[in-house]
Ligand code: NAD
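Shown below, as structure tokens, is a lone chain in the form predicted on its own; questions about how it binds or moves come after it.
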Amino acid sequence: MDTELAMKTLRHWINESENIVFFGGAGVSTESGIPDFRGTDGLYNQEYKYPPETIVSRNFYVNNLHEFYSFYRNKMLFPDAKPNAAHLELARLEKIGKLKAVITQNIDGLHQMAGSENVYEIHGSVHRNYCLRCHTCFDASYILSFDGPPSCSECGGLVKPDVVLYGESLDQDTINASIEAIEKCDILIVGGTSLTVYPANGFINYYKGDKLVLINKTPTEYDDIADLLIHDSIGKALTYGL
């Protein structure tokens, strides 16, 4: 099926459905100017003293606080980023009752900024930060106001981003809610993810319907099981025909 016909089919499916779930990855936010980790210009293809995957690990965080926060502020916080066409269309679909949940691997909060309310952030959010000692919460701008590791204004303890680092466990309640939403939906739209990160890549196995849509600019290992495959922009695919 050619790309235009696939997008037309997707629009027809969306128009006919009242129970859609969207599961997205970094490719959703690249159209807002936020680089992914694995793309051609992603963090894994840039030079650092340590590999990015090492820097955003629990072990590195514990043992190299200054270097972690330097990398985190420079490469993982994008305070000027705005929602793009994909975020806005997903928020619209939720508002009119068609989209029941957004499940995202992203930590940028752009879905909520666009207006989505039922968002499951399986890797956490840069907009939530908490003191490890007294649990006072802070926003992202608080982290940006420091040069080194951020300290709590209430007790002086270390403030940690509420993001899941490599070596940390995902929140089980978020996982359970995501799986439940996928099991119940008529259409599962998967967009902007290479489907290589465990356990998130196993989520699609819980979908039992016959309208699995994969939207990604490059092929994934799950392309063969998709009922509809679109290798193009997520924003373009979601807004086709509007």
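When you see a residue number, it is the position in the sequence shown, counting from 1. Note that the structure is a prediction, hence the values are computed from the model and not measured.
Heads up, the form predicted in complex with this ligand isn't pictured, but that's what we're talking about next.
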{"item": "Contact stretch among 107 to 115, 130 to 138, 152 to 160, 90 to 98 - heavy atom within 4.5 Å of this ligand in the predicted bound form", "value": "107 to 115"}
{"item": "One residue of 194, 57, 174, 70 in contact with this ligand, assessed in the predicted bound form (non-hydrogen atom, 4.5 angstroms)", "value": "194"}
{"item": "Residue (of 179, 212, 65, 34) lying close to this ligand in the predicted bound form, criterion heavy atoms within 4.5 Å", "value": "34"}
{"item": "Contact of residue 227 with this ligand in the predicted bound form (heavy atom, 4.5 Å)", "value": "no"}
{"item": "Contact test in the predicted bound form: residue 233 vs this ligand, heavy atoms, 4.5 Å", "value": "yes"}
{"item": "Non-hydrogen atom contact residue 188 with this ligand in the predicted bound form at 4.5 angstroms", "value": "no"}
{"item": "Partner contact for residue 208 in the predicted bound form: this ligand, 4.5 angstroms, heavy atom", "value": "no"}
{"item": "In the predicted bound form: members of 13 to 33 within 4.5 Å of this ligand, any heavy atom", "value": "25, 26, 27, 29, 30, 31"}
